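Here you get one chain, nothing else, as structure tokens; it is the form predicted alone.
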Amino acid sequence: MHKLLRQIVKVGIRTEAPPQADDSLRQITDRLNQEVLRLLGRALAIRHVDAGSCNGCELEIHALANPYYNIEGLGIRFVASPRHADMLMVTGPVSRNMEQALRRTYEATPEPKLVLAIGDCGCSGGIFGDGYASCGRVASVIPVDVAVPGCPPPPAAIMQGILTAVRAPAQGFR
């Protein structure tokens, strides 16, 4: 223990350099913040539904809340009830056990509503496809406005998908 403490005093604590600023991410976040406030005039409320995923996409969605992406600071928040949501964010292939629950969640979301399918499984059914235990992609159960492919998609791609969905002119937000 003393040897380690002497080494720390002598050398100092070594850490890696902080990451460089990503200009493309800054552009996405600036546009997202401006569009959400311009179109809605308030925060965008998202209800996340895990329809049977492997949790890879959830890890990337949770990364949106860290200080690097700071999605709450952009006027976007996650809510616990679909009755308070403007957008549904669905991950995973829809399992047969989640099919009815996803439909009820969609019906409980007030109009106008947006649906974002996240990940390859949500977009196309992924490696699970359509089978006895899976309904396949999200669009086979509820209408999808924007699909964000990737296994899992990076947080910047998810933010770009949210921006694309909010900008959709046919949704009545304008």
Partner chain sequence: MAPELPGVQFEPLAGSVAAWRAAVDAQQWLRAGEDIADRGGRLAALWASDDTDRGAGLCVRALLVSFEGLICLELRMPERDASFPDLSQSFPCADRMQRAVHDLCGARALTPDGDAADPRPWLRHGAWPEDIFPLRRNVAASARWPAQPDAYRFVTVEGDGVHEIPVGPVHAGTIEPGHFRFSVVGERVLRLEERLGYTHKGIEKRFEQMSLADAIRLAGRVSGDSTVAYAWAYAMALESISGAQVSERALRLRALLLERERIANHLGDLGYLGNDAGLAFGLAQFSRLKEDVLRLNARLFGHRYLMDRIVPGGVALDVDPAAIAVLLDEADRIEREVRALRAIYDDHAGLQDRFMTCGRLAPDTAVRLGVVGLAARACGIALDARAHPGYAPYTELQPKVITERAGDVAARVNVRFEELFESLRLERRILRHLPAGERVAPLAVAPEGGFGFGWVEGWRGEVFVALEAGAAGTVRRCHPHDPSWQNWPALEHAILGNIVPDFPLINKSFNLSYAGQDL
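Only a predicted model underlies this, so the values are computations on that prediction, with no experimental measurement involved. Numbering follows the first chain given and starts at 1.
One more form of this protein should be noted, the form predicted together with the partner chain, which is absent from this view; the next part is about it.
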Tell me, yes or no, whether R83 is in contact with the partner chain in the model of the complex, where a contact means a heavy atom of each within 4.5 Å.
-> no
For N70, is any heavy atom within 4.5 Å of the partner chain in the model of the complex, or not?
-> no
C135: touches the partner chain in the model of the complex, heavy atom cutoff 4.5 angstroms = yes
Just to confirm, D145 within 4.5 Å of the partner chain in the model of the complex by heavy atoms?
-> no
Applying a 4.5 angstroms cut-off on non-hydrogen atoms, the residues of 74-109 near the partner chain in the model of the complex are F78, V79, A80, P93, S95, R96, N97, M98, A101, T105
